[in-house]
Structures are given as C-alpha cells and as structure tokens.
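Starting off, we have a lone chain in the form predicted on its own, written out as structure tokens.
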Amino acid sequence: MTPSLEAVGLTKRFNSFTALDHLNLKVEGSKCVGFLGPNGAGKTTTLKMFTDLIFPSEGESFINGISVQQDRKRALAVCGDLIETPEIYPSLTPREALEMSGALRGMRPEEIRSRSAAVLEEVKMTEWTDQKVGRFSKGMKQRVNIAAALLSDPEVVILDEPSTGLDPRGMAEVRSIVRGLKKGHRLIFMSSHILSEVVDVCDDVALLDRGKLLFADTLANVSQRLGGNTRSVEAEFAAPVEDSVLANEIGSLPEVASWSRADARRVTLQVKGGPAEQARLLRQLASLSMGLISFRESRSALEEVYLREISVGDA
C-alpha cells in the first residue's frame, strides 16, 4: 500500500479562536512533504490531530486511509511521530530510552533490541548507545527522539519542526537524517517555518497561514506560481559602481526588467525569463569588464512565493 496522510475538513477551534480552518489535504507516496508556515499558522495543531493528541472540532484525519478519530490504534500502528520536543530522562541511555518507548508501543523485547540497533545507526548515535542522555547536546537528544519515532519501522513519519532550537551543526545533522529517511520508502510529513530547510530536504510543500491552506504542490512546480516570469538575482562587483553605469550598461540589457542597489558594490536585478536568460545575462555582465565577482539568485522560488502568499494573506 502507498503510504498516505489525508485531512478532510479538519478544523480546530479553541473557544472563539480558529486554529485550523477546514483543512483539506492529501499527501501520498514515498517522499518528504514540507508543511510550511509562519509561527502560529496551525501546523502543530494539525499534526496533533493526525496523531490523536487533540480531537478536531470538525472533520477527520486519515493515515493510510484509516480514520485516526474512528480507529486510532490501527491508524497509528504504521506511524512514527515527533511532536514538539519531548524530554528524555537524563539518567537513561539511548538504549534504555528506546526500550521504554518500545514497551509503551507494545513491541516484543527481541524486536525492540534489533530495531534499537538499527535506528541508532540510522540517526548516527551508535557510539553513544550506553551513555547517559543527560550529558548529550540538544542535537544529540533530538537524534534519540527521532530514533524513537522510527523504532516501529513506520511507513509514515510525522516530524514537528525537528531542527528548531538547535545550533547550526545540530540543524545540519537533523536535516541529513531526514534526507536519509527518504531512502526507506517512507512518507515523511515535516512541519517547518524555515524555508531553506524545506528546500534542502523536501520534495513537496504545503503552505499554511492563519489556519488556512494556501496551496500544496511539488517544489519543482513552485516557480510557476510566481507569474510575470521574472527572478531576483544579486550581482556583486569588486569595486563600487556608479548609478549612471548601472543604468546605462546593465539596466539597458534586454534580460533586465529593473534594478535596485543593495549597496555600493551589489545590485539586485529582476531578470526576465528562466535559467537560459540568467545564463545569457551572466555572460553579458562578465563581458562588460566591470569586475563581476558573484552572481546568484537573491531568493529561491519558494521564498518568493512564500513572501508573496503570506503578505497577501496578511494584507
């Protein structure tokens, strides 16, 4: 069976506040889906209803076609989750923490032992198997938490902002683990408010704001939502460039829709077209002998869509 998650009219109200407003979303297949949105958009509320930590005001959530609200045990049997950041008793070792987690799931002792070794290797914690968790960094503790989510070898993995609060190294380690999870033919549904994280590890993205789904699509198709067929590119020069030179030498190029100065040596260009036009513009800038030292997109397509959609929603 193809792993899947589905929300049908999923709604959650807290008194007069609507945290999630009639979410209709289905994701399926072996891939990583980024559930993206600003803080307070309703992401964690959604994940808690998928894992039956809170009950919806309206609607249902489904895992592999089984209603979480109607048949919780069977629906969650194929699911591993990490919601928010659970604490691990500091006196436990990763092995002991996984034994406790497996026992709570009703796993057999021999199954817990074999799976513990496998998942600790998957999250790169094998050498710390019998060390006390209280000595670990926050990133190492998070890796143990991810291992616990994988213990039952789930088809569906739900992660709630797994790298939030970690230092850059910890964030990089967690993202590397998530990329590795995609090789296990699992559906990974990961909430995040970090655009670079979603671009780095996800295949699809669903954007949520103020409890409403704005869109869901593949990352490959996100650029088509920009419209106007323009991209922001930043060019940097070795020495300051005068406005008159920018206007006459760069602003007049056919690929440049408009330009604005970032500082004395950097200029942001709105480029008409896609990669082919960007490549042609790069060649032309290099031929001007103005000391071009860098040329890159100033924003990813996802970032541009995110800022446009969220700003429209907040207007």
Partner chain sequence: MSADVAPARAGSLPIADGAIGTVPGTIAQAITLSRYQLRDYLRSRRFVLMIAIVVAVGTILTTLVAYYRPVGLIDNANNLYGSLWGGGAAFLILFAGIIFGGDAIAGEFQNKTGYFLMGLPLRRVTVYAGKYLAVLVASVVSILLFLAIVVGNAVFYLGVGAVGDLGQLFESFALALLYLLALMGFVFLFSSMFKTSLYAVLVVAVLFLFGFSIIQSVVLALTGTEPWFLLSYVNQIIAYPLTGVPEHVARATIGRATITNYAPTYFEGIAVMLGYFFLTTIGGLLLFEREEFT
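A quick note: this is a predicted structure, and the numbers were derived from the prediction, not measured. Residue numbers count along the first chain shown, from 1.
The discussion below concerns the form predicted in complex with its partner chain, not included here.
Engineer: Using the partner position in the model of the complex, report whether residue 53 sits within 4.5 Å of its partner chain, counting heavy atoms only.
Structural biologist: Yes, residue 53 sits close enough to its partner chain in the model of the complex that at least one of its heavy atoms falls within 4.5 Å.
Engineer: Using 4.5 Å between non-hydrogen atoms, is residue 302 touching its partner chain in the model of the complex?
Structural biologist: Contact check for residue 302: no, nothing within 4.5 Å of its partner chain in the model of the complex.
Engineer: Report yes if any heavy atom of residue 274 sits within 4.5 Å of a heavy atom of its partner chain in the model of the complex; otherwise report no.
Structural biologist: Answer no; every heavy atom of residue 274 is more than 4.5 Å from its partner chain in the model of the complex.
Engineer: Under a 4.5 Å heavy atom criterion, is residue 25 part of the interface with its partner chain in the model of the complex?
Structural biologist: Close contact exists here: in the model of the complex, residue 25 approaches its partner chain to within 4.5 Å, heavy atoms only.
Engineer: I need the one stretch from 150 to 158, 237 to 245, 164 to 172, 191 to 199 whose residues put non-hydrogen atoms within 4.5 angstroms of its partner chain in the model of the complex.
Structural biologist: Among the candidates, contact is made by 150 to 158.
Engineer: Indicate whether the candidate residues 1, 204 and 213 are all in contact with its partner chain in the model of the complex, with contact defined as any heavy atom within 4.5 Å.
Structural biologist: Every residue of the candidate spot has a heavy atom within 4.5 Å of its partner chain in the model of the complex.
Engineer: Select from 1 to 21 the residues with a non-hydrogen atom within 4.5 Å of its partner chain in the model of the complex and write them out in sequence order.
Structural biologist: Stretch hits, in order: 1, 6, 8, 12, 14.
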